[in-house]
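Single chain ahead, written as structure tokens, the form predicted alone.
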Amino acid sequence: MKLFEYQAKEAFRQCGIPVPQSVLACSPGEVSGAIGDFSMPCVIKAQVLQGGRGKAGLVRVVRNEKDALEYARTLFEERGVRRILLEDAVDFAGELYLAVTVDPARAKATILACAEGGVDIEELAATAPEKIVTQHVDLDRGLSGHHMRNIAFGLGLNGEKAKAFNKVLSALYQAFRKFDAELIEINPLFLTGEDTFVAGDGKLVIDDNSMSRQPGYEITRDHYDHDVEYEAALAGIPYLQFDGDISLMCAGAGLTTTVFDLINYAGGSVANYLEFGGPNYTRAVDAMELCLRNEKAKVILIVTFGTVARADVIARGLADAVARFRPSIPIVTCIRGTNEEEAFQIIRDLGLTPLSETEEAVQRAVDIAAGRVS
């Protein structure tokens, strides 16, 4: 689960990482009421879950109250932003990058640091990887002094700067463990003229499997670009919205991803990714309802293969969905696995043609979406 910047900053505060004074506002009126508490210049930041906010015009340093109110109004009324963060501008002498993430191959935490903060770290990793300091940390043993010394040395920090940096690094690692993070990042980490550090921005991604241990956070509509994605998340069904015209409804994440690729290779485009495998394989009705909410879809492609996820159970769920919703768009099926003979008969009884080859089903869906066949 991705947190918004204001939530990440609050997590930083809890762990002792310095952050600028800030106020969260949900309307132009709230901005007007809070702006008097800030000295100018200050920073206004849209609270959206996307990278490159500065380049997208969603973060701005404002020089006076008038500009602050006008920019806030633009974000709320013209850009559709639901929350903004008003924050003190930091007078900084330098910018660093600092993050802790998980290296699944090594089963260790990985600390990434760079003396050039405020940049796209992915771009830097591709163009100048030697500038990124990397340190692996055993999760059982934890962060130790030699790890911090290695990183500070690699960044060219010494003396009081190194001491101040190591306090932030230690606190960030503490937050990484406390919040069950997949990624925790400060970019930029401001270095002030007094040799202190302040988190200028924050990113925190919590492992979805640990949400039961993180009761302070819950998914909201603001976490999603589309209503259907939010409704699917509440229902516990993995769903992603795209701009294509083939609604994809598959059982199994690996199979769903493979079919997604096959559609693209065949010249088609995906309207949505929906995976209802595992414990959800009996929920074809719920899955179909979500797919039918996608108005861009011209055809629904259903591909499953399972042993425990029985083909006949999935087919009966499909029959129930068709009876309930009476979809007006074509359905292409390739439902294979345990009891598939019974599944094929159920599909025939629906007036559909059961296909047994995934590539054939994909091509048929692509042709229907393109108007080549009906």
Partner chain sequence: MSIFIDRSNKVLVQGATGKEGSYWTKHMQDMGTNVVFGVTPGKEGQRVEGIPIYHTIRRGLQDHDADTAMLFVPPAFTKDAIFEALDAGIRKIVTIADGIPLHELLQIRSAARSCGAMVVGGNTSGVISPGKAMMGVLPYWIERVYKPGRIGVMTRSGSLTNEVTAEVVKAGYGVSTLMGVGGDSVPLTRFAEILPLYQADPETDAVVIIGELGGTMEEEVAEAMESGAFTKPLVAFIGGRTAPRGKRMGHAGAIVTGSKGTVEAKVDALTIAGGLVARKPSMVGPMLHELMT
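Numbering follows the first chain given and starts at 1. Computed from a predicted structure; not experimentally measured.
Omitted here: the form predicted in complex with its partner chain. The next part is about that form.
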query: Proximity to its partner chain in the predicted complex, single hit among A89, A171, V285, L139 (heavy atom within 4.5 Å); finding: L139
query: Among the candidates D180, D222, E95, D195, the residue which, in the predicted complex, approaches its partner chain to within 4.5 Å (heavy atoms); finding: D180
query: Touches its partner chain in the predicted complex: E116 (any heavy atom, 4.5 Å); finding: no
query: is_contact(L234, its partner chain) in the predicted complex, heavy atom dist at most 4.5 Å; finding: no
query: Contact test in the predicted complex: F190 vs its partner chain, heavy atoms, 4.5 Å; finding: no
query: Its partner chain contact in the predicted complex: A56, any heavy atom under 4.5 Å; finding: no
query: Interface segment, criterion being heavy atoms within 4.5 Å of its partner chain in the predicted complex, picked from 70 to 78, 162 to 170, 235 to 243, 285 to 293; finding: 235 to 243
query: Residues G16, R82 and K131 all lining its partner chain in the predicted complex, heavy atom within 4.5 Å; finding: no
query: Residues within 4.5 Å of its partner chain in the predicted complex, restricted to 198 to 213 and counted by heavy atom; finding: D207, D208, N209, S210, R213
